[in-house]
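We begin with a single chain expressed as structure tokens, specifically the form predicted on its own.
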Amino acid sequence: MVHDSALDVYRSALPVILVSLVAGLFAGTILGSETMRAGIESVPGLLLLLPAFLATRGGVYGSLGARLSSGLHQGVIEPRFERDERLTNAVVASFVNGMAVSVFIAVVAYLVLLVSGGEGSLLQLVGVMVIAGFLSALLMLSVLVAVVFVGYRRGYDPDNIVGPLVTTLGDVFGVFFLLVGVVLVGWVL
């Protein structure tokens, strides 16, 4: 009985993990690109905040995924794209947490630069993080809710897909929109 259950989990999680593997390689390709390297060099402190930014994408939106999964299993959230107060509150809370954490990371990175004798611009770091945090939040929230709901309706257990999905989305969208933030802030400042 336990063997069947473990095998079922493995079968349902394997496709998501394989997709996550390919998407993770794509994120690495963006990170290793000449454009990203130039962006990292042009914004002092960017390399310092990158790991924290990517980690918090998974942490903040992973909590939302866990809430969605629990809500679906308990029957308090229906897998439909209609107005639902619980779903709306969870999504708004995740968005606010994601934005607050993004700004906090920029401030901490700036303070670390100051303490270590490095040079950097608080306005530049906060600008990059607000843009990257906002754009990644919009896409992560949309894709996460859509994949979990559609997957649940097709018989997939959200507990098996939320973890790999959130970490992959966080890496891909995080790296890409960090680059977008560097370019946009570079035009303005």
Partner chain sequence: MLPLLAGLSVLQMVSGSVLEAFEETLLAYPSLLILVPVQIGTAGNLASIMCARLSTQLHLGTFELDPSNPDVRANTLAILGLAATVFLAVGVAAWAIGQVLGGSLSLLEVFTISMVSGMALAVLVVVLSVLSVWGSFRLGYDPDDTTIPIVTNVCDITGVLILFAVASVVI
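Positions refer to the first chain, counted from 1. For clarity, every value in this text was computed on a predicted model and none was experimentally measured. The term rigid core refers to the maximal set of C-alpha atoms that superpose within 1.5 Å between the two forms.
Beyond the structure shown, there is the form predicted in complex with its partner chain, which is absent from this document and is the topic of what follows.
In the model of the complex, Ser142 stays away from its partner chain, with no heavy atom inside 4.5 Å. Under a 4.5 angstroms non-hydrogen atom cutoff, its partner chain in the model of the complex has Ala52 among its neighbouring residues. When its partner chain is considered in the model of the complex, Ala6 lines it closely, a heavy atom lying within 4.5 Å.
Interface residue remark: Val180 is not counted as part of the site for its partner chain in the model of the complex, having no heavy atom within 4.5 Å.
Distance criterion of 4.5 Å from any heavy atom to its partner chain in the model of the complex singles out Thr56 from the list Thr56, Asn160, Gln124, Ser69. In a rigid-core overlay of the protein, Ala23 has its C-alpha displaced by at least 2 Å between the shown form and the other one. When two forms of a protein are overlaid on their rigid core, residues whose CA moves 2 Å or more are considered shifted, and Ala13 is one of them between the shown form and the other one.
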